[in-house]
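Let's start with one chain on its own, the form predicted on its own, as structure tokens.
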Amino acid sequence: MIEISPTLWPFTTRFLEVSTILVLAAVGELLTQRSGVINVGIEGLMLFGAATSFLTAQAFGPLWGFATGTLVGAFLGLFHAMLSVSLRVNQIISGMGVWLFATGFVTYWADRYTGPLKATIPRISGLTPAFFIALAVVIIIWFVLTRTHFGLKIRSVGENPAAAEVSGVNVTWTRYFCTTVGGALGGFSGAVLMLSYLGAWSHLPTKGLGWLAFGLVMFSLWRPGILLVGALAFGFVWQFAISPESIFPGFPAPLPVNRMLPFLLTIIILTIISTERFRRRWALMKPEALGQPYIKE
């Protein structure tokens, strides 16, 4: 008989950390897509953020690690914006290029460094400060997109960039800004993964979390509130797959089977998204100009 563990708080803090990682990466992509740019390279942003933050933290401390990971993510977001906005390269190919480059370069560059993180991250009742930062970021992004004039500009650029340009909105600058900020949040997410959740370098530590974050954006219908709920659900499933005994001591399923759970959930959600009823609603919510380069006439 499976018994429920009485000590759930350590498990709760861990799954909230996973949710924090997903929220930061996904809300950055949501902002990027709201401006009409799609970046499938979130996994690459997180990998670079994780690697640079770990190596910097080992030498200068965790605060500099978080800063470096965020800056590297912002630079990669800016690079993606240059390719997709200014040079009008196919946005899917550009994002895949960032991911593939990160996979190869980080493997070559960071895998030679092993061992645990030298410094420890301060916590609040077991929770990483990044959790509260992530909640603040979701609220800020929601407020900016739905309650400010600048948010209206972002949404108009994502829906109809030609009409936005006629209205006086700088389409290029807006897309550059959103893609760069989205990249910074992706890099910061990787830094949180490495410095707060894992605490030691391992080969390709993201393990697909970037792709889950990308799927969360579509699942949320580009709404920060739904995205937050989805991230909490995915975070719970991810951590349960790693340590089910934290809730149910003696849980019978072996670890390899448990590790399939987050991706099985992803398949189920993608199947739901693919239904005709959902696709009709999804099409109405999706930014109309998403993934389309803007050519000023």
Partner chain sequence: MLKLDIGRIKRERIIIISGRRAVEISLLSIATSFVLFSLVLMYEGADPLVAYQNMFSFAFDPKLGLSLTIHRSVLILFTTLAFIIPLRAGLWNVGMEGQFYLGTIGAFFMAYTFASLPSEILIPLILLGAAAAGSLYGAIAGTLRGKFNVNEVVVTLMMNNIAFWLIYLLVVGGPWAGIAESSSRPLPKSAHAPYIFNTPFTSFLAIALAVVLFVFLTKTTTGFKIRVLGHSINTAKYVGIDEFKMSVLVMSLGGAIAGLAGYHMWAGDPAFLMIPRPEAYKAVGDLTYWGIILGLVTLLNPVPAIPASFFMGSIIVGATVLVRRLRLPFGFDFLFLGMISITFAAFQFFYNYRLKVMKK
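Residue numbers count along the first chain shown, from 1. Note that the structure is predicted; figures quoted are calculated from it, not measured.
One more form of this protein exists, namely the form predicted in complex with the partner chain; it is left out here, but the text below deals with it.
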query: One stretch from 212-220, 183-191, 132-140, 115-123 that, in the model of the complex, holds residues within 4.5 Å of the partner chain by heavy atom; finding: 212-220
query: The partner chain: the contacting residue among A200, L87, A163, I226 in the model of the complex [heavy atom, 4.5 Å]; finding: L87
query: Contact test, all of V144, G151 and F177, partner the partner chain in the model of the complex, heavy atom 4.5 Å; finding: no
query: Any non-hydrogen atom of V98 within 4.5 angstroms of the partner chain in the model of the complex; finding: yes
query: Exercise: F236 in contact with the partner chain in the model of the complex, heavy atom 4.5 Å; finding: no
query: Proximity of L127 to the partner chain in the model of the complex, heavy atoms at 4.5 Å; finding: no
query: Contact test in the model of the complex: L63 vs the partner chain, heavy atoms, 4.5 Å; finding: no
